[in-house]
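Only one chain comes next, encoded as structure tokens, the form predicted alone.
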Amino acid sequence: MSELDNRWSLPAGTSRASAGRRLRTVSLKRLKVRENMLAYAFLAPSLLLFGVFMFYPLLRSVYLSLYSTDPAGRVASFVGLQNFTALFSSGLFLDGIRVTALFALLTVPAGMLLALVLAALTHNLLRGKRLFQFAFSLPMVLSVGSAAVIWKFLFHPSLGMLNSGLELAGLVPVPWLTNPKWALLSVSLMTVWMNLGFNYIVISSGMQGIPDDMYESAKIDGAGPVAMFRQITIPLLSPTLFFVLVVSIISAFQSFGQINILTQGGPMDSTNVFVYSIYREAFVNFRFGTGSAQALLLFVVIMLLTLVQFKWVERKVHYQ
């Protein structure tokens, strides 16, 4: 046998088929490693941003929640869980959660119901449909700061358009932002309007995904608009409504900008939602330990609420 034949000869007991399978296995493993490296290379910028702006602040909050800080905000001494016990003993945590839960009850159902009604009214509209869709989606393009400044002028006790309209109607002007009975309701009104654009776009898109054949079959069977909306639209729209519900509750518990601009947590802490309490505790009073403890408790509350919704509320969702 020549030297060339010896070079390419197979080991004893090895067939050409098994050698080919072994080569294909090695090639597939190398290809998989290359694909994984390429995937991680594409994910690297996102992971870097998440690490800098999410994971590191979370770990830093855990660290600061176990320490006390001096008036300059510097870490002073290790206190363990005293920051958490102080929150519960002072009632700061319970008061913040109470106001935030009431704020969520005022904004989430009203915002979803209003968006659902508007989406249903414009779904089968023939003339001016694009104009109404544009008008109802317009609040989405405004930032929280811009929207809050606009509504602050509307809520002005003497120059605001809302009280001017009430006076023209012969009604008594309302102290929108200066009375504890009206302040949270006023901020909730502005929040419902501000979130209307997002809720309307999502719910309207969900309605457009429902096949028209189902409505035509229901019409043939003699079903009216109310029956079709209750028996067809709501069940098939339930995944979209569930998504809007989860996002709206999380957004309500994280609301800050409109509170900071309109009321600064007042009057008499009637609008002191949990996030604004964290801001005031950490960046106004420079008690970063207590503020970090509040932030971690808020994270736990939002996580539990989300898990509860996925555990029980999702059972009512009808996926196609």
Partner chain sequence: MKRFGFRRLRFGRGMILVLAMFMAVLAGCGGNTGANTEATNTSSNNESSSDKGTDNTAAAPVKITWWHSMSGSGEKAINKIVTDFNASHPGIQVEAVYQGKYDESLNKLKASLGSNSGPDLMQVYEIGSKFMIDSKMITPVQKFIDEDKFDLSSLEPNIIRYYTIGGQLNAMPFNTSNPILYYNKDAFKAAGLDPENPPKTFEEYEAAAKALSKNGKPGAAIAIYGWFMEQLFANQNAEYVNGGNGRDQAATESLLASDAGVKTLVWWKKMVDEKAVANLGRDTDDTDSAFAAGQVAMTLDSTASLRKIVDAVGGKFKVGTGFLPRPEGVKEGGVVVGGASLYIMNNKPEEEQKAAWEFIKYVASPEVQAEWSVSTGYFPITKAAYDQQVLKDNVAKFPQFQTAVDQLHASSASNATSGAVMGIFPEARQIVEGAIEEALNGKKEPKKALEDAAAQITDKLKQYNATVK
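Residue numbers count along the first chain shown, from 1. C-alpha atoms forming the largest set that superposes within 1.5 Å between two forms make up the rigid core. Quantities reported herein were computed from a predicted structural model and do not represent experimental measurements.
Not on display, but discussed next: the form predicted together with its partner chain.
Note to self: Is it the case that Val284, even though its partner is missing from this view, gets within 4.5 Å of its partner chain in the predicted bound form, heavy atoms only?
What the structure shows: Looking in the predicted bound form, residue contacts with its partner chain include Val284, since a heavy atom lies within 4.5 Å.
Notebook entry, point to check: Using heavy atoms and a 4.5 Å limit, would one call Ala72 a contact residue for its partner chain in the predicted bound form?
Noted result: Residue-level check for Ala72: yes, a contact with its partner chain.
Notebook entry, point to check: For Lys129, is any heavy atom within 4.5 Å of its partner chain in the predicted bound form, or not?
Noted result: Residue-level check for Lys129: no, no contact with its partner chain.
Check: Does Leu168 make contact with its partner chain in the predicted bound form, using a 4.5 Å heavy atom cut-off?
Finding: Leu168 lies outside the contact set for its partner chain.
Margin query: Which residue, Pro180, Gly224, Gly145, Gly91, is the contact with its partner chain in the predicted bound form, using a 4.5 Å heavy atom cutoff?
Written below: Contact residue from the list: Pro180.
Next item on the list: Select from the listed residues Leu28, Met268, Val62, Ala44 the one whose heavy atoms reach within 4.5 Å of its partner chain in the predicted bound form.
Entry: Result of the distance check: Met268.
Note to self: After core superposition, I'd like to know whether Tyr56 moves between this form and the one not shown (criterion: C-alpha shift of 2 angstroms or more).
What the structure shows: The answer is yes, as the C-alpha of Tyr56 shifts between this form and the one not shown by 2 Å or more after core alignment.
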